[in-house]
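As a starting point, one isolated chain is supplied in structure tokens, in the form predicted alone.
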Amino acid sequence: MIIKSIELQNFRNYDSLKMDLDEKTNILYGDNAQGKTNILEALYLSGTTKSHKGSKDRELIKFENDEAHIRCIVEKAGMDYRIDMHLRKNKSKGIAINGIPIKKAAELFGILNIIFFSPEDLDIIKRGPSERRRFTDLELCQLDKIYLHNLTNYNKVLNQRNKLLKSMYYEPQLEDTLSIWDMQLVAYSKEIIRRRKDFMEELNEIASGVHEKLSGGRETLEVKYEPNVEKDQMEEKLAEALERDKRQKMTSVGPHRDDICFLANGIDIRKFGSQGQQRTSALSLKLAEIELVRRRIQDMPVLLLDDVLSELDSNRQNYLLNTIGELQTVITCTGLDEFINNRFEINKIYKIVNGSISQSN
């Protein structure tokens, strides 16, 4: 699959933009705060309906406007798909595929698989569990519509249960209705935990091989799923935590508290790893993600690199650039030195200056 073109209107700092992409390497370069990452954000939205930053729709619309538009042309298996996205300040977004509106975001997933890699991803290991869960969920939701369905409904039920726990403080008799939400929470959590476990086992198998090469054979990496509760114990653990949940007015057990553990030579590098170990392991994780997606969809995903090369030393730069040769890649950077020094083939170069774009040779 490849992205053939992207058009923007009133998106972030762009009044209007039309850009054709090469099927291989595309470089967007320019000073900071000119709008390079905004283009990657629009591409990511086109495949996932969400901002990689977690931004709300109204935050994506250019100042003093009420709506924004994104149009993305994707080629997959010899067919073209036109993805239109209409962002509105006070309404949910509208999405159409080839001119036909869709009702659920899940209908979009599968057309365009995107992997986003930013400097923040290099710090995923030292950051909190919520960032590591988000990594897992963003990829699984693209690959598995059933997982997306279960996760969406789990979060809805979780919110309702938390609201009920707050209401019970003033109306204790409402506790009689808690079992309705508990039953649904247990059902959805079982499927989420099972799917996350399978995903992590497959990801670990790939990441360990990548990491061995990245570290020159000096380090082994193990990526382990750490469920907050085992899938067959959710009902029991909810019951045990009931009094605590009532005091805290929130649900304290479940997949929303899962984590991922990273072991380098058997040591938990979340707590005891050096920054170099953490970053090398994070790079292994992202490269393993590319390979896992390729295996699942029997096609190459599109890779978005947001100023990542400047955060890596020359050895890791070389490894990353050598790995992505077969992918369509859109890369942002402030200069071209890394690519020239590594003799990396560049197919298209765009210069971005304050929301305007020009193609360079």
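All of these numbers come straight from a predicted model, not from anything done at the bench. Note that residue numbering begins at 1 and tracks the sequence as displayed.
As for the form predicted in complex with adenosine-5'-triphosphate (ATP), it is not shown, yet the points below apply to it.
Per-stretch contact check against adenosine-5'-triphosphate (ATP) in the predicted complex, the hit in 293 to 301, 42 to 50, 28 to 36, 308 to 316 (non-hydrogen atom, 4.5 angstroms)
Only one stretch qualifies here: 28 to 36.
_So, L327 and adenosine-5'-triphosphate (ATP): in the predicted complex, are they within 4.5 Å at any heavy atom pair?_
Heavy-atom contact with adenosine-5'-triphosphate (ATP) at 4.5 Å: absent for L327.
(Q) Can you work out whether Q9 and adenosine-5'-triphosphate (ATP) are in contact in the predicted complex, taking contact to mean some heavy atom pair no more than 4.5 Å apart? (A) Although adenosine-5'-triphosphate (ATP) is absent here, Q9 would stay clear of it in the predicted complex, with no heavy atoms inside 4.5 Å.
(message) I'd like to know if E59 sits close to adenosine-5'-triphosphate (ATP) in the predicted complex, meaning any non-hydrogen atom pair within 4.5 angstroms.
(response) Yes.
Exercise. Tell me, yes or no, whether N322 is in contact with adenosine-5'-triphosphate (ATP) in the predicted complex, where a contact means a heavy atom of each within 4.5 Å.
Key: Close contact is absent here: in the predicted complex, N322 is far from adenosine-5'-triphosphate (ATP), nothing within 4.5 Å, heavy atoms only.
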